[in-house]
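Below sits a lone chain in structure tokens, taken as the form predicted alone.
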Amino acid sequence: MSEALRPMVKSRLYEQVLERLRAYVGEAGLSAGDKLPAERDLAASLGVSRASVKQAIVVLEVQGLVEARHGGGTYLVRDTLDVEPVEQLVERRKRLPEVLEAREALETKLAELAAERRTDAELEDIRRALVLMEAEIAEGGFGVEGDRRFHAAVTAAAHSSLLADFMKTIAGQITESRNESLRQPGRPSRSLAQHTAIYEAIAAGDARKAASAMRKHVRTVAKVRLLTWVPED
């Protein structure tokens, strides 16, 4: 058995399990799509309870690093398990709901105004952001830069300096919420489809439809595994 899976000895075991799993994936040369050992086997190898292993797997799921398939085991989503410290996850979980509330309020209005005020050049900027995001996803990425450019282009097309300033104020938190959303399974392609609906409404000059499409999108962004996670002591 791998050295990474030797028995555990200290407290707060699930965090130690996380570190051992990270080391094990590297030692075993596992990559995206590979299956981790069964929870019961990990528990036996590490000398911990299955509950501790399960807690660790949930944290990996929250970070989009593994996918737990019902009755089918746990599979790597990425080539490594670069685990974010649990304390950082807890802090982000606390602030994320307010960030998403602010995004919905601001970006719904921005989409509405963009449909009323955009120029042809600004519409083209929005379209180019869609093209970039599609290309990123096709190459196996999450579409993060295309997503960023899309929302920035919509903000610019709204021609509201005050709303744009508000967006700049929470730019860091928006980036956090973007990254959190796009690492959810299947989310990049779904976000791209919703962006396309927003673009089409803005192109048609339909302010109500643009606002509705943006509201639907931001509420999808809010559906992340992190917010359903209950941190263990």
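Bear in mind the structure is a predicted one, so any value in this text is a computation, not a measurement. Here the rigid core means the biggest group of C-alpha atoms that line up within 1.5 Å when the two forms are laid on top of each other. In this text, residue numbers run from 1 along the sequence as written.
From this point on, the text means the form predicted together with the DNA, which you will not see here.
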| property | result |
| --- | --- |
| Region of this chain that lies against the DNA in the predicted complex, out of 171-179, 30-38, 204-212, 189-197 [heavy atom, 4.5 Å] | 30-38 |
| 4.5 angstroms heavy atom contact with the DNA in the predicted complex for residue 97 | no |
| is_contact(residue 155, the DNA) in the predicted complex, heavy atom dist at most 4.5 Å | no |
| 4.5 angstroms heavy atom contact with the DNA in the predicted complex for residue 108 | no |
| 4.5 Å heavy atom contact, residue 48 to the DNA in the predicted complex | yes |
| Rigid core fit then residue 213 CA moved by 2 Å or more between this form and the one not shown | no |
| Post core alignment: residue 155 C-alpha displaced by 2 Å or more between this form and the one not shown | no |
| Post core alignment: residue 74 C-alpha displaced by 2 Å or more between this form and the one not shown | yes |
| Direction of C-alpha distance change in the predicted complex, residue 61 to residue 218 (at least 3 Å) | farther |
| Pairwise C-alpha change, residue 69 versus residue 216, in the predicted complex against this form - closer or farther, 3 angstroms or more | farther |
